[in-house]
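What follows are structure tokens for two forms of the same protein chain, given separately as structure 1 and structure 2.
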Structure 1
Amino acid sequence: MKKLLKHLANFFFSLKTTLWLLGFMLVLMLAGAFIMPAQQEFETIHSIPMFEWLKIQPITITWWLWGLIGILTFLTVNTLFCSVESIIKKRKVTQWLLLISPQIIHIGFLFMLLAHLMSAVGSYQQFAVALEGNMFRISDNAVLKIKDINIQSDYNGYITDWKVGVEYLKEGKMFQTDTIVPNSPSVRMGFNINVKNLQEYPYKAILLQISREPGAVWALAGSILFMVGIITLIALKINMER
């Protein structure tokens, strides 16, 4: 048992493990680049959460995705172990920023992995044609109502501007209002309400996109930390070489 634990520790603490895992990831992604265009099933991969989509697809076309998930799991553990080991070995380093910068990069990377995991489990997307007064249930206790659709057109009939007023209701009572305009969706309760297309004649109608990405905030935080860590590390290295 001790030998097994020792081998596992050596495996997860090794930088070689990281390189091998990244190599396997490249191989699997290369395989996916050939499989995805040839299989019609992948056209619906973004319509439902990824894990729900994976459950209903044959393993013969999704094996590389399951492989990537497994490798990312090992890579997460490997990153945590290597970060802890690095801090322990270099705890006496006088330049604290030089010690912590790589760990900030690692934390940013882990946050981005967490973001993708959350979205793969709980993301949501729906398209619907909506008229003024239409209502859509977006959660167990909330309803979205299209209050009004305002479209402005020029002399030739081309749309020059538009805005869509929406209301959020609970138990039949309005508790929030918002306005959707170009490049500015309505973001409430974790949902992103966007207008993808609209028409003025013969009647006002919009193509509505209702989506939810629970990992969006974590992805943003991870990307910021990742960039801060890289910039800080590069700046310190440049300063040391002068």
Structure 2
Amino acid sequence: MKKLLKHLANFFFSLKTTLWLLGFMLVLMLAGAFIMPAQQEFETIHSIPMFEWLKIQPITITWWLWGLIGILTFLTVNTLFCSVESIIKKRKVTQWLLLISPQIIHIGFLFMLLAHLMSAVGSYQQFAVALEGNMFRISDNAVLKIKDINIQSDYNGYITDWKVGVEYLKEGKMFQTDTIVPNSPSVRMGFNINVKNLQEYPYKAILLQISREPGAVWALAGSILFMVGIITLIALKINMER
């Protein structure tokens, strides 16, 4: 048992393991890159949380995604083990920033994985076609009303800008107004309310999207950590060369 645990620890402490795992991930993703465009089932992948979607799809087309989940689990453990080992082994080096910055990159990467995991479990997406004056009941018993749709087009008919005014009502009374413009959704109770598409003629209509990404904040935090780590590392390397 002790020997087995030692083997297991050595496996997870090894950079060689990291390279094998990254290599396997690349192979699986390459396989997926050719399977995905060829299978119609993947068109519905965003309609429900990914883990639910995976459960109802045939394994013959999703095996590479299951494989990726398995490898990412190993990679997470491997990343944690290697980071801890690196800090313990090199704790006496004078340039602690050089020691810590790769570990910050690793933490950022793990946060991003956590973000994808959370989104794969709890994401939400619904679409609806809406006209001016239409109302939709949303999660907290509030009602979303499409107040007005403003579309600007050029002489060729290209939409150059748009603006959608919305109102939130509770028990028939308006308590909040908001405006949705390109790249600026209306946000309510963790849900993003976006306009996915617009039509001006024969009548003004929009394709409304209500979505939730529980991993978004973690993804942002992970991204910031990753970039802080990598920029520090590059700056230190440049400094060392001088």
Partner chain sequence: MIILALSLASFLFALWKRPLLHIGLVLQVAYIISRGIQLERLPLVGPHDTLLFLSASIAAFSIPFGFLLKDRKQFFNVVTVLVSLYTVFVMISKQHNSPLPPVLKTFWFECHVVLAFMSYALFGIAAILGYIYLNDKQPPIQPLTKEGEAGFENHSRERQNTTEGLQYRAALIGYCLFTLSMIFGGIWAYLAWGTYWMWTPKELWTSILWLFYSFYLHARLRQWWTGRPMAYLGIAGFVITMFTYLGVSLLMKSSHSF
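Residue 1 is the first residue of structure 1, and the numbers go on in sequence order from there. Keep in mind that what you see is a predicted model, and the values were worked out from it rather than measured. C-alpha atoms forming the largest set that superposes within 1.5 Å between two forms make up the rigid core.
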The form predicted on its own? Structure 1
Relative to the superposed rigid core, does Trp162 relocate between structures 1 and 2 - that is, does its Cα move 2 Å or more? yes
Superpose on the rigid core, then tell me if the C-alpha of Pro58 is displaced by 2 angstroms or more between structures 1 and 2.
-> no
Q) After a core superposition, would you say Thr44 shifts its C-alpha by at least 2 Å between structures 1 and 2? A) no
Ser153: Cα shift between structures 1 and 2 after core superposition, Å, came to 8.0
